[in-house]
Structures are given as structure tokens and as C-alpha cells.
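For reference, the chain that follows is the form predicted on its own, supplied as C-alpha cells.
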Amino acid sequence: MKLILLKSNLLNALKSVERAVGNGSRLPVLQSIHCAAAKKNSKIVFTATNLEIAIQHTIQGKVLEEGNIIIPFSILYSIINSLVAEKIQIEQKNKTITITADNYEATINIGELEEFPIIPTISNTQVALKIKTEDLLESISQALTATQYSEIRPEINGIFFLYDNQQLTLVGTDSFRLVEKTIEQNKTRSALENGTSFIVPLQTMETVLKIIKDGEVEILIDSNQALFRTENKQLITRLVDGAFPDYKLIIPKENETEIFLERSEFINAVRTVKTFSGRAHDVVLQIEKKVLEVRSAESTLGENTYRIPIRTKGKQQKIEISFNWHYLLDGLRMYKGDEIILGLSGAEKPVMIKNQEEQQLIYVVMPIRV
């Protein structure tokens, strides 16, 4: 193998595949990456895997000699990241590669090709779903807001994807709060059957957010794997086993009372009063007539109250309800609109947060039961 590459292109590829490089505790070769170069199309493909996910990044370069090699990732990345020169030459010589750039030269021992794991492929090669990258990434980011890793319930250690009625819905939950984001029909193209669903691991979703940037994403699935593919990147992952909870049971179908208030002021109120929330991380909301009181108290610190004017719709009732302030702020920050709506049905029932401008997004949070 003999290649001439631009540093910027090579560094981008290494940064992409880095997230799939293994720690090598079980299989040392997982600390290396596979590099394949073809003269026909001048494409160089870099691949890394930790056996849970595999990432491929393709770049253009001058391929003087074709080949396939296994390169230790950390030393290659360290060298390329430190070089000032933009043009880099990589040449294989028996069991080593030589990296040359201006007044720099290094020789690296390479691994055994046959030791590198076989990268799995998707059996269903038909493109299942196409969506603009910005729409997918926004939806993933919003769904991740309500998730955290659980050893007790592995079925919620992922984002639930549901394609139904020509709409794609993403759902995340940690059992204390839930996000449902629906992507409208005109923003997706799909060959999936109605009712198709699958769960993508949280780690994979976080990686997709980091490495996929522009253009359009294709998503392919089979019985136990999913592939996210763009023009020059591919990420293949195992799917989460098990059935996702029937989350529709958590989302209130109707709310007895709806509270309308300014989102930015509500955020400021929670951020201010949380100072006295102590270890319990709780703040109390009290709704009475046209005022929402946000307060917290801690016996060794004191107490404080922030009052916000509100409009109400539905049943007029005095409600006092406690929340984890982290969960409350997470939900409020997801939205962009000026006004927020709180849907309430009692002190111990789930509370829905939404706004009129973003009707495809719903955040549900459980109150703290005192």
C-alpha cells in the first residue's frame, strides 16, 4: 500500500472512527483500525469496531498502490494530529508502515490482517428510511434528554424508533420522564412497513450525534442490527433486545388543567429557587388562580419563593406538586417557543410539558411523591 493524503481529511476520518475503537482488554486488535485503499475509485476506507458498534469513514486520496492494513490507532492519531504539514504519505513495507511529511518520518509496526474482526453487514440491503441529518440529530438529542443507563431495565437503554402512518417517532425514557418526538411525513421517505419498531442503544445514539453532520441519513435495519449511512460514513450497531414499555400509557390523553406561562421566566424561576433544594433536588409548584409559585426549602439553609403570572384553561383547582428540578429544567430547555404549557391532572399524576409551536414534541415528567 502506498497513499498520499491530506492531513485534514485523514484527521476527520480518525476522529470519526475513534468512537468505535475498543479498549483491547479482551482482544488487543480492537485497539487498531483497518485501512483499505482501492486504486479504481481513489477511495480509502478506515474502519474501527469494539464489537458493539463499527464505524467506517471513507475519504479520497491518491492511491499509488492498493492494500489492506491494520494500524494501531492511538499512535497513528497522535502523529497525524501533531503534524503541521498538510500532505502526508503512508507506505507499507512488509510488517511496517512509513509515515512521511515534509521533514518528518516515522515507522509503525502494523497488525495481522486476519486478526481484525469481520464487520457485520445488514441482510436487508433495501434502504429502509431516508431523513435529513438535521431532523434526525435534533430528534435524537431531544429523546436522549429523558434517558439514562439502567442495569435493572435494559429495554430502556436505548431510543425507541417507531415508523407508523408514514411518520417516524423517537421515544426516550428513564421511567421518571419521557420524551416523544414525531417527525412529520414530508421529512422522511421510507420503505418500512407500518408498525415497524426497533431500539437503538444509547451509546450508539450519542455516537451518531458526534460523527454525523450534514446531508441525508439512510437507516437500514434487520432483525438485530441497524445501519446509519451517509455519503462518507457508516455506523452499524446491534439493537437492544426486549420490548420497549408501552409508553402511550404514560402520556396523559387529557389534562384537567392547562397552565400557560412564559418559558424563559419559568426557567429562571426554577434556576433561582433550586439553590435551597438541598439533597432532595426538589422544587414545589403551587398553582392558585392566576399565579404559579415556585419554591424550595431546606432546614439548614432557608427557603425562597418565585411568583409567575399565568393563564389557565380547564378545571380551576389549587394544586401543589413537587419535582426534581433537574428533570423540570431538562424539559423546559428542549423547547424553543416563548410560551410553555403545563398539563396537570393532580398532584401525583404525570405532568405534560408542551407548547403550541412544537406540537410534534412532548415531554412528560413524574412528580415526586411526598
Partner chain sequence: MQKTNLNTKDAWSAVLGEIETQISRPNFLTWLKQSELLKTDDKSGVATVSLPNNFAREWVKNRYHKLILGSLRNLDGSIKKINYVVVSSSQPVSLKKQKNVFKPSSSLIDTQTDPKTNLNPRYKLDSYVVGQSNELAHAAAHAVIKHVGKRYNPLFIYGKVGLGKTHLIQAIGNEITKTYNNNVHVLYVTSEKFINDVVWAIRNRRMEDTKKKYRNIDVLIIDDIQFIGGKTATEQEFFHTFNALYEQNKQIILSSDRPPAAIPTLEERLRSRFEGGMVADISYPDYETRLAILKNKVVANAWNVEEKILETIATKVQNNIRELEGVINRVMFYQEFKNEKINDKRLEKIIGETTLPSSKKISADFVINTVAEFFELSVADLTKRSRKREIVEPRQICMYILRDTLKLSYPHIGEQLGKRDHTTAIHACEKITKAINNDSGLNQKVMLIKERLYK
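Residue numbers count along the first chain shown, from 1. The structure displayed is predicted, hence computed values, not measured ones.
Beyond what is shown, the protein has a form predicted in complex with its partner chain; the following relates to that form.
K.L.:
Does any heavy atom of E52 come within 4.5 Å of a heavy atom of its partner chain in the predicted complex?
P.N.:
Flag for E52 set to yes.
K.L.:
I'd like to know if I250 sits close to its partner chain in the predicted complex, meaning any non-hydrogen atom pair within 4.5 angstroms.
P.N.:
I250: contacts its partner chain in the predicted complex.
K.L.:
Is K313 close to its partner chain in the predicted complex, meaning a heavy atom pair under 4.5 Å apart or at it?
P.N.:
Contact with its partner chain, no.
K.L.:
Taking heavy atoms only, is K289 within 4.5 angstroms of its partner chain in the predicted complex?
P.N.:
Residue-level check for K289: no, no contact with its partner chain.
K.L.:
Name the residue from T230, T100, T145, S175 that puts a heavy atom within 4.5 Å of its partner chain in the predicted complex.
P.N.:
None of the other options qualify; the answer is S175.
K.L.:
With its partner chain left out of view, which of V84, A191, A243, A280 would have a heavy atom within 4.5 Å of it in the predicted complex?
P.N.:
So the residue touching its partner chain in the predicted complex, by this definition, is A243.
K.L.:
From the candidate stretches 269-277, 183-191, 196-204, 113-121, select the single one in contact with its partner chain in the predicted complex, where contact means a heavy atom within 4.5 Å.
P.N.:
Heavy atoms within 4.5 Å of its partner chain in the predicted complex occur in 113-121.
K.L.:
Give, in sequence order, every residue of 124-152 that has a heavy atom within 4.5 Å of its partner chain in the predicted complex, or say none if there are no such residues.
P.N.:
The one in contact is I152.
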